[in-house]
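For reference, the chain that follows is the form predicted on its own, supplied as structure tokens.
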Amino acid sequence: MALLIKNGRIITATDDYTADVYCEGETITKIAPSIDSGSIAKGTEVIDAAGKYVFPGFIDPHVHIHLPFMGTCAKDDHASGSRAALAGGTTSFIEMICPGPKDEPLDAFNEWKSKAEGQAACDFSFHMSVVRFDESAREQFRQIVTIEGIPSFKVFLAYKGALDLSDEDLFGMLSLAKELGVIVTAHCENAEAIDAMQKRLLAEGKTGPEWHEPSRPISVEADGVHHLATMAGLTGAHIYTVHTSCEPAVRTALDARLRGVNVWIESVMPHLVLDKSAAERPNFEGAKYVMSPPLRGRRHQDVLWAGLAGRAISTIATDHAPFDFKGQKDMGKGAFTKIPNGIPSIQDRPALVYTHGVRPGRIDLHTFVDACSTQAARIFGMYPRKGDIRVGADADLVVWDPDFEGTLSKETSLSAVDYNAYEGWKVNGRASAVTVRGEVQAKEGKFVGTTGRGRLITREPTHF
């Protein structure tokens, strides 16, 4: 069915104008000041967006849906996770494939892909984690990039003995990435330092979730960024620091950029609006807010918002990793190191950024679109199919009601997890209609679309 969105104020990363948008055959086919409904296909669905914004569909470049972790598995599947994403206005996401060091990379890719196909209601792609780098793995990574269309890797400078790479393998992986035009997304910490800190804290009887942040202080994250940037400078690889949480880590990345390192910086929703006091809540309630890198002191939020406003920080993701408070997070009651990490945010990201970023003037509407959509599309090889409103682009659109006022809660969340980290928070603004390739998939915070309609986004390497 064709779709016509009339009278909306179109906002992209660069433009602001009022026009009608006509979509047919899954793409945007016409944009004009006024499109007469009599000139369009019979049966066209018409949405009146008067008084509302029209944004390109939001893209979350860092999510976990299928995630085996610490002996359990994240609660969302692609059906629930994509419905939650769409209800908030996210029309595409990139999921981290996280195999174990003994797993075959191609087997892992096929496993993650099979979990999404036929289940996801929004479009999806993947970052391929590199947790081993022998000759067999290298050849499989080549195939994943060149045949499967996944030109982004993920590497961990954390989780000693589980996911981290030796420096020799890190150097080799970055060299391969440069050869293939792949961008390397990286969890930047210092695995050795964290391991030592955690052992010391636990030996001192400091076992609660409030000790998670002291075991991974800001200096450890900044050190990880510096180490990765050094290796990237030596190899020429392009890198992207995920969930960058604090001023020293941001400054270290920017210093590397000034030295000529090709580095992009990601912030995530929890670090922008939550601080470390959340993980210090009594009666183990703080476990809901354990993630890595941890929530930081409130002063770091100002740095992140300022970095976004100046476009020094490129993207706002979520690092969505949904583990139940009861039955999963409580596995760590005897030791904070056993708490599954993650603060679910996939549905609430756009409303929280709009409420805490746009409304108080920390960022403008263009930056909102750029950080939540366009930059992810550009960096990860989806632009201009995704991340913009232009003729020929996929008809992924968000009609946004700036006058909506509501409250976030578990009751209105479509994620399968048993809590909402932002329970009771007031928000301004909401996606009133959300389309994926021209089909309305969500309205007024509710999923109204087709489960399984989501499609794998294959991408071309661009980071040579």
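Don't overthink the numbering: it's just position in the shown sequence, from 1. It should be emphasised that the depicted structure is a prediction, and the values quoted were computed from it without experimental measurement.
Here the subject shifts to the form predicted in complex with a small molecule, a form of this protein not shown in this document.
Next on the checklist: Would you classify Gly342 as touching the small molecule in the model of the complex, given a 4.5 Å non-hydrogen atom cut-off?
Outcome noted: Contact with the small molecule, yes.
Checklist entry - Any of the heavy atoms of His64 lying within 4.5 Å of the small molecule in the model of the complex? => result His64 belongs to the contact set for the small molecule.
Checklist entry - Might Asp348 be said to contact the small molecule in the model of the complex, defining contact as any heavy atom within 4.5 Å? => result Taking the distances in the model of the complex, the answer for Asp348 is no, it never comes within 4.5 Å of the small molecule.
Item to check | 4.5 Å heavy atom contact, Phe380 and the small molecule in the model of the complex | outcome: No, Phe380 sits far enough from the small molecule in the model of the complex that none of its heavy atoms falls within 4.5 Å.
Next on the checklist: Is it the case in the model of the complex that Lys154, Tyr159 and Ser292 each bring at least one heavy atom within 4.5 Å of the small molecule?
Outcome noted: Every listed residue reaches the small molecule in the model of the complex, so yes.
Item to check | Contact assignment for the small molecule in the model of the complex, among Met128, Ala321, Ala121, Val250, heavy atom within 4.5 Å | outcome: Only one option qualifies, and that one is Ala321.
Checklist entry - Considering the small molecule in the model of the complex, which of Lys178, His243, His356, His300 comes within 4.5 Å of it through any heavy atom? => result Checking each option against the small molecule in the model of the complex, the one that comes within 4.5 Å is His243.
Checklist entry - Heavy atoms within 4.5 Å of the small molecule in the model of the complex: which of the stretches 232 to 240, 334 to 342, 113 to 121, 369 to 377 has them? => result Of the options given, it is 334 to 342.
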